[in-house]
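Take a look at this single chain, the form predicted on its own, given in structure tokens.
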């Protein structure tokens, strides 16, 4: 499955992120591992319906694939009995979900007022930049680390607040932050010189549309098919349409126009006449 920007029937997106999953229909996974499927069924039993378990099921997709991938979104949609578009809307609204464009280790630095005061946010960002060579919206070329400014992380009295993946830290600047970054580098078998001063890669975080294979040749000209019953293997013309393309709008060039003098109607372009009121 590939997520594309706005152009449903093009061979490649006109703009926006390239497809993030190379899985073909034949190789794409259809469900989670047995362990995570068992977790899903546990979650589903706790909620009034499977749709209510969506957010927890997306966490299972993170665990399964390392981030919420296109493949994971389709599995979640199937498990929770909802359209792919609805799942994608949840993932892109709640930015804490890890996406394929993020680094393996994702630094999120609070940039809201209480952390930003006295330069706390900038201090944390400057340290990350000095150690890893990345600023907000960037990741290292090897994909190991990425950095973002985020909104309030709910520990306003202990700035700056930083999250790294699912770890939450307060007062994260100076020697404490330096030591933590050093521990991550050591864990990955890296040193500062591998990153400091090296070019970073900009993350493309723009919101994609639903998967391209949920659209079909001719769809944009004839209407949109129902999201719930789309089959990626349908041929052009198959499937019910939820909308119809309207006829061209009527304009003064295509409909009778009031005379203005006699209060009647001028003849229309097809020769018919309309009488006055």
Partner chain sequence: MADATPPAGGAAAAPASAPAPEPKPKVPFSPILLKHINEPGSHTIAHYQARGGYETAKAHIGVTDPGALIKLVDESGLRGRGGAGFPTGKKWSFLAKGTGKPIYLAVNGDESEPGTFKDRYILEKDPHQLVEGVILTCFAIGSKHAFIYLRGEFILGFERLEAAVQEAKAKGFVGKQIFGKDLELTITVVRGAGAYICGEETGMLSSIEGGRGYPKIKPPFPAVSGLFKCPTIVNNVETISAVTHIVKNGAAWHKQWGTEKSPGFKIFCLSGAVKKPGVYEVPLGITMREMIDGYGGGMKDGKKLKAVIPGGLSAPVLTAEMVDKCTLDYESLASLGSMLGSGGITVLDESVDMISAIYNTMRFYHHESCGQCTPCREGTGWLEKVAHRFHHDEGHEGDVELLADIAKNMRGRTICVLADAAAMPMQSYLQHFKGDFLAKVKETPFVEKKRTYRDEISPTAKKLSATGAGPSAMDVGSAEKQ
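Positions refer to the first chain, counted from 1. Computed from a predicted structure; not experimentally measured.
The protein also exists as the form predicted together with the partner chain; that form is not presented, and the subsequent description refers to it.
Going by heavy atom distances of 4.5 angstroms or less, which of 188, 155, 178, 192 would be at the interface with the partner chain in the predicted complex? Here the answer is residue option 155.
With the partner left out here, if you bring back the partner chain in the predicted complex, are 111, 136 and 149 all within 4.5 Å of it by some heavy atom? So, yes: the whole triplet contacts the partner chain.
Answer with yes or no whether residue 202 is in contact with the partner chain in the predicted complex, where contact means some heavy atom within 4.5 Å. Residue-level check for residue 202: yes, a contact with the partner chain.
Taking heavy atoms and a 4.5 Å cut-off, does residue 44 contact the partner chain in the predicted complex? Flag for residue 44 set to no.
According to a 4.5 angstroms non-hydrogen atom cut-off, is residue 104 in contact with the partner chain in the predicted complex? Residue 104 lies outside the contact set for the partner chain.
Decide whether residue 89 counts as a contact residue for the partner chain in the predicted complex under a heavy atom distance cut-off of 4.5 Å. Result yes; residue 89 sits at the interface with the partner chain in the predicted complex.
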